[in-house]
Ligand code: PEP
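Read the single chain below, which is given as structure tokens and is the form predicted alone.
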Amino acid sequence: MSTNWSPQSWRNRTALQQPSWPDPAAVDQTRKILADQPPLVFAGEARDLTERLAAVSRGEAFLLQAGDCAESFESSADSIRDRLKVILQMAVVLTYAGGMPVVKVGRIAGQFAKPRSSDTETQGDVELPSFRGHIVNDIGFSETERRAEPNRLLMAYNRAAATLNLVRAFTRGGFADLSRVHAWNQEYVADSPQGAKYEALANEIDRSLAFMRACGIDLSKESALNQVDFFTSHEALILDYEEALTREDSLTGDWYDCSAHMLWIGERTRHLDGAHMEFLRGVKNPLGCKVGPTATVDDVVGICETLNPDRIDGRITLITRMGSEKIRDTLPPLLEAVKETGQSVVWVTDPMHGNTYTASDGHKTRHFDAIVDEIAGFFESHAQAGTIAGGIHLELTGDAVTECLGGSDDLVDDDLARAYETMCDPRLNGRQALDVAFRVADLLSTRG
């Protein structure tokens, strides 16, 4: 690729998964308004995350990246709080099991867009543009609701700012206190049908906290125990939005996409000569890229060399989404190939997207057993290759939804319609997410 880069250079490449804006002039005007808005995150915060991800790549920390499949403009403060609560609970379990820091990155405050397999959707004899997330159009099936509206880019910015404000208040205002989070986990262990399996780990954490108190440590006054660092991320899909929020850092002169701390490229847009790769190669944020079962060795090595030619530790996270039946065959060759290049990569498993199927009642779903099996295959592959299983990437909610089958409540097909609320992909509910955390804790405690 050419070394010449600007926030607009992606426009010279093929940009997939972009909306069909009905009024290009309106998009230009909206982008100018966005460009005048304050950044949502700051360059120094993104650099901090890069350093923490470098520790993950060395096996000195573990990455927990989780959140909604597609955020809604209508999400309540309670829903955002409960999603954060589940992530904090999972992090405590993983921190204790791994004996190392857990880097907490949310799919939050920007995950408003979704790639689609088709540009249109048909219901009956009516064909309309596909729903591409609230940043583009509405989920309702009418011509007006499915029209791509540039003003939604501004709505996404404002919604992201409000969400960030709430998240920062929760993570700094005592909500994330370690004793409080542990008490929530104890409640889960007591109430969950599978809780007995996790009681020993919960009791170990409880004894550790009791020991600290006995040593005179006031947990409520230790900032490291009652506050957490929490970073944001989303798929950098709608390039007009990302371009408008890209800023030149006054300290370093580097460009940062200030819409989130971390951005990733999806499986459908990871083409080496495509617009998304061109745009993200020029910003200094830590970057991710989804890698599915069709990815070749040349694809993955090319991604690393394109996005990280200077081989900066913590710069690249490869998020594998193979499917439980394929991961043990498809992942090892990629691990070996990247290992041979000497690139420092954070390897993360997304066990959700490769395990999606349609249930008997027509709902799109995923089974808990397949999710945890793909995670197990991820750890097994890294153990065999001598590489680091660095983290997990999950779609989840704190709400009591019934979108994924199995788990602690043993959900079956007939349960799906009871609380199927997602706008796009099925998510783990809070109970299922914590169950995953305890399963991963077992794997993490024996990781080499």
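Since we're looking at a predicted model, the values are computed, not measured. Throughout, we count residues from 1 along the sequence that is shown.
Although it is not shown, the form predicted in complex with the named molecule is what the next lines describe.
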field: Lys85: touches the named molecule in the predicted bound form, heavy atom cutoff 4.5 angstroms
entry: no
message: Can you tell me whether Arg268 touches the named molecule? I mean in the predicted bound form, with a 4.5 angstroms heavy atom cut-off.
response: yes
message: Can you tell me whether Ala389 touches the named molecule? I mean in the predicted bound form, with a 4.5 angstroms heavy atom cut-off.
response: no
Phe279 within 4.5 Å of the named molecule in the predicted bound form, heavy atoms: no
task: Using heavy atoms only and a 4.5 Å cut-off, decide whether all three of Pro19, Glu149 and Glu242 touch the named molecule in the predicted bound form.
output: no
query: When the named molecule is placed as it is in the predicted bound form, which of 247 to 255, 186 to 194, 107 to 115, 305 to 313 ends up with heavy atoms within 4.5 Å of it?
result: 107 to 115
task: Report the residue, out of His182, Arg321, Arg159, His367, that has at least one non-hydrogen atom within 4.5 angstroms of the named molecule in the predicted bound form.
output: Arg321
field: Heavy atom within 4.5 Å of the named molecule in the predicted bound form - residue from Cys69, Val27, Ala61, Leu64
entry: Cys69
- request: Let me know which residues along 226 to 250 have a heavy atom within 4.5 Å of the named molecule in the predicted bound form, or say none if there are none.
  value: Glu235
